[in-house]
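Below you'll find only one chain, the form predicted on its own, shown as structure tokens.
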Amino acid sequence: MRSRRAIFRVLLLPGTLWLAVLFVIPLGLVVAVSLAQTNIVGLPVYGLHLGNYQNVFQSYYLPVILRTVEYAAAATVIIGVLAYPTAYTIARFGGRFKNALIVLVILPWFVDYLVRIYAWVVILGDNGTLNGILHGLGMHGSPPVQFLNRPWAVIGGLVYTYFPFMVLPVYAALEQMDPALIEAGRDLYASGRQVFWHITLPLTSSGIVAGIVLTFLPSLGDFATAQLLGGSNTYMIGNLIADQFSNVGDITFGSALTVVLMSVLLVVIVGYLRRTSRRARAVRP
């Protein structure tokens, strides 16, 4: 038994070192820089300076934070409305084509992320494919419709990007559900709608919650979508962080923004893990 534990510890060592070098240590440096001040040449002077965190919640930056949460929440809701019927249809009626249909759902992820976003720029641009079609149909203006630099363009990009993240856990939950429960509901003369609301939906709630976490969290930290499909009025917190490091040069404030964002993500993850743990204990015999 002891030798087996020793083997497991040895096997865990490479992964532990990997996480320590590439995650824990860099995260500690970000936290340290967020509490520092910059000197005359812009380098951090380490200490305990909370002014960076106070600046995060100033009225100038607060709309960006609220906008980020709004866009991420809107994208998550839209993804849920679209993904659940998709996963339900594949799980219930996909038959022998289930695997092929799931592959089609995740197929866009075989293409680089930036390539996919640039493809939407080509489609929605002022001189893009969609405006070219509208111009050919007789619509006037230059462009006929302003698709880019709009909030719904950013939200649409988030929906397109993270849609598979909701389909997969919901599909897995539907596949794990016992079909006999649906048959039992029908034997008790429940309608199809009643079976769905009282049996299918509650039993797949774990997949829905997992999908919400998997779509909401990366949407909060996304910046390329807002950068390419939006404008200055649609910037998210990811864009603000990137600007602090690349353009403004205020790495202490950028680090403070990063820590705040990661703290929000951590709260959501801990809440999800606690809920999952409670459900596991509830169903444990």
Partner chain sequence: MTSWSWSRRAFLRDAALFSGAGVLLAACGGNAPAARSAAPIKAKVDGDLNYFNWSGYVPPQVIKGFEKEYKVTVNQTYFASDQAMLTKLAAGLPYDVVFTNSAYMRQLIGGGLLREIPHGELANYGQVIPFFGNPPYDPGAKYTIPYGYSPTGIAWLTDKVGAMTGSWNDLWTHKSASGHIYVLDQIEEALGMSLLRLGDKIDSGVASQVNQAADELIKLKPMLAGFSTADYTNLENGSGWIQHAWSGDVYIALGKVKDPATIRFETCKEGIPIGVDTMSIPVRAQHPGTALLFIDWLLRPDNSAACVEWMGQANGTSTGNAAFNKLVRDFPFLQTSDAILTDGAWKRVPTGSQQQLWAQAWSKVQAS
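Numbering follows the first chain given and starts at 1. Everything numeric in this text was worked out from a predicted model, so none of it was measured.
This next part talks about the form predicted together with its partner chain, which is not shown.
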| item | value |
| --- | --- |
| Among 126 to 134, 103 to 111, 152 to 160, 68 to 76, the region lying within 4.5 Å of its partner chain in the model of the complex by heavy atom distance | 126 to 134 |
| One residue of Leu35, Ala224, Val259, Leu217 in contact with its partner chain, assessed in the model of the complex (non-hydrogen atom, 4.5 angstroms) | Ala224 |
| 4.5 Å heavy atom contact, Trp197 to its partner chain in the model of the complex | no |
| Contact flag, Ile40 vs its partner chain in the model of the complex, heavy atom cut 4.5 Å | yes |
| Residue contact check: Phe97 to its partner chain in the model of the complex, 4.5 Å heavy atom | no |
| Touches its partner chain in the model of the complex: Gln176 (any heavy atom, 4.5 Å) | no |
| Residues in 225 to 246 close to its partner chain in the model of the complex, defined by a heavy atom within 4.5 Å, in order | Gln227, Leu228, Gly231, Ser232, Asn233, Tyr235, Leu240, Ala242, Asp243, Gln244, Phe245, Ser246 |
